[in-house]
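Read the single chain below, which is given as structure tokens and is the form predicted on its own.
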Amino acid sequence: MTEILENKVAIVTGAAKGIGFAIAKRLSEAGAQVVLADIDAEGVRAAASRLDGAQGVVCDVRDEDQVAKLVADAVAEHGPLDVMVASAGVATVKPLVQMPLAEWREVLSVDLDGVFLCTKHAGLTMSQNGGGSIINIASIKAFGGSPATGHYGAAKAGVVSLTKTAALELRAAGVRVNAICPGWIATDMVMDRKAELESALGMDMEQAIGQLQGRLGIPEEIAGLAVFLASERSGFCSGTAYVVDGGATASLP
């Protein structure tokens, strides 16, 4: 059986671990030639070594020259770019009134500026080569308040808006742009900050999650949707923010 992404070229940022790696793995299993990119040189190369034929590349998505080179090198080595997944992200936990401006800017520089740069450079090359699919990783925090992670929520709201604008601007060139908005997912970014998040929430994480989703999600549950959006089976899908949150937003009053 032909794989749904056979002969497709894909880049995934933030791919050393977590949601990014899970997406890269599923894209590879679906037949794509995958370039994993991450600021963690050792981590991304180790991650790529676990996937058949994948390549690991060091890239800081805050740096436009590095993002442009990431895209140009992938095209030069593997052919026209078909899929870009902008998954690189960071977060810290701090109330807005205690947050230094530098901390605010650091999170937005990765979580929003990085997505803009990936969208810009992938969209440019895809527009010149018949189209493609851009998938931006946002969050359900884009749609509501985000105590102690206001910078993260603001960035993700920006990603959703950016995605919709890019979809409109790139539609005529055959480029589809969508966002995936995960709920609480069991990644290092979440679990390493468990105590801080619990303090901000005023309750155990398990209690908070139980009230909304029932459980934490796993990265693989995000990856399946990414493969669909990367494939031609989602040809009529563009400009949409897809929520994958175990029913969390459905349960809000």
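Residue numbers run from 1 along the displayed sequence. In this text, all values refer to a predicted model and were calculated from it rather than measured experimentally.
What comes next is about the form predicted in complex with a small molecule, which does not appear here.
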| property | result |
| --- | --- |
| Interface segment, criterion being heavy atoms within 4.5 Å of the small molecule in the predicted bound form, picked from 171-179, 96-104, 80-88, 125-133 | 80-88 |
| In the predicted bound form, residue 153 touching the small molecule (heavy atom, 4.5 Å) | no |
| Proximity of residue 71 to the small molecule in the predicted bound form, heavy atoms at 4.5 Å | no |
| Interface membership of residue 139, the small molecule in the predicted bound form, 4.5 Å heavy atom rule | yes |
| 4.5 angstroms heavy atom contact with the small molecule in the predicted bound form for residue 45 | no |
| Triplet 35, 55 and 117 all within 4.5 Å of the small molecule in the predicted bound form via a heavy atom | no |
